[in-house]
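Here we start with a single chain on its own, the form predicted alone, put down as structure tokens.
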């Protein structure tokens, strides 16, 4: 018989076993992992609440039923066989079928259960819901696929961009014009081979330098003195590099999305054009000088005939000689215009400035047209401000010619019965003269060419009026040489107003 002490030990052991069983049962019940106990023949003997939740069924709907109620027959038989043979299965992907339909991907794990004799009485089956993981993996795979597609597209676009960049570089390198590109900090970022050749520089030594640095280097000093340190635009300014080497320099800002990102300098070789232009100017000059002498001789001979210094002439003879005399005068005027143009182009159109009152000069030119105005039945009016106008520093003879060329056009292209108005004003810093006519006007599409050589409007060409197209070109150069400004306003069919201003300054 067991002693009292042994009975107490057995009682305590029984209590410990009971407590352990309760703990295991509670752990089984409260486990967040769906777990069930299955007999060797596949009958569900016990389930925990988590398993009920996954199956969407109550325990009484599951206990006593075949485990195949929620698993595929083939999959669960394979799992049970492996468990009974090996004692456990760590993880196996399976499909779980809840009551409400649908399929849930799970990962199953098992452990065989033995009785006191070591015989297998069933197995525990735990499942882990893989739905979220499967979805995440699917999304990850989709993301990976999308990322690969993006990377492929990016690589393709990169290759295209690189090809375009190479093409652009090839185009820039093969341009016959020189290019200098500066960033927004005015540092040189690109030089093409033609610019290197024009300026005699090496881009490796120049790229990265500021304009202020380049303006001090001997080979680029002239260029950047012309351009200056400011970021303003520059258009077609000539730069003489050598005796017969002239570049036309243009500078423009580089703008992207209305923001200035840098500036571009273009160097265009105009040496050949300048040589040709010089040859043409020399030819015109020589021809004009050669023609001037015989034309002058013809003029004075005709004058002697008209003055009857060589004998009496009848009326018919006088008419013919007068027409010849006028034609000769027009030829002399044209020759003088050509000579003036050649002097302007050669930089020899010098003037002798003196402080002069401009009003008498205007009156003299206007009065010289009295006969012409009366003959054409045109009125000419001179208006001047009541203010005292100070003297202006100018060359009287050259300025007379400029006034004459502008007023001559106003009279010539004004129809009979209309009026030409000359106005003189003063605004403290400059005198302003306007010559307004009510004539044919200048077509809008031709107004940009008004001050160029040999320009005559298409509408006045139809009027069969005489003219060389040099008058306004000469007038503009004379006014420009006096630091003045000339401009106009015109509307075809309604007339034209020419303005010019001259600065008031002391000698």
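Residue numbers count along the first chain shown, from 1. Since the model is a prediction, treat every value here as computed from it, not as a measurement.
From this point on, the text means the form predicted in complex with a small molecule, which you will not see here.
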{"query": "The single option of 409, 342, 83, 263 touching the small molecule in the predicted bound form, heavy atom within 4.5 Å", "finding": "409"}
{"query": "Candidate from 62, 472, 38, 70 lying within 4.5 Å of the small molecule in the predicted bound form - any heavy atom", "finding": "472"}
{"query": "4.5 Å heavy atom contact, residue 457 to the small molecule in the predicted bound form", "finding": "yes"}
{"query": "The small molecule contact in the predicted bound form: residue 481, any heavy atom under 4.5 Å", "finding": "no"}
{"query": "Any non-hydrogen atom of residue 468 within 4.5 angstroms of the small molecule in the predicted bound form", "finding": "yes"}
{"query": "Partner contact for residue 49 in the predicted bound form: the small molecule, 4.5 angstroms, heavy atom", "finding": "no"}
{"query": "Stretch in contact in the predicted bound form with the small molecule, which is absent here, among 412 to 420, 361 to 369, 250 to 258, 268 to 276 (heavy atoms within 4.5 Å)", "finding": "412 to 420"}
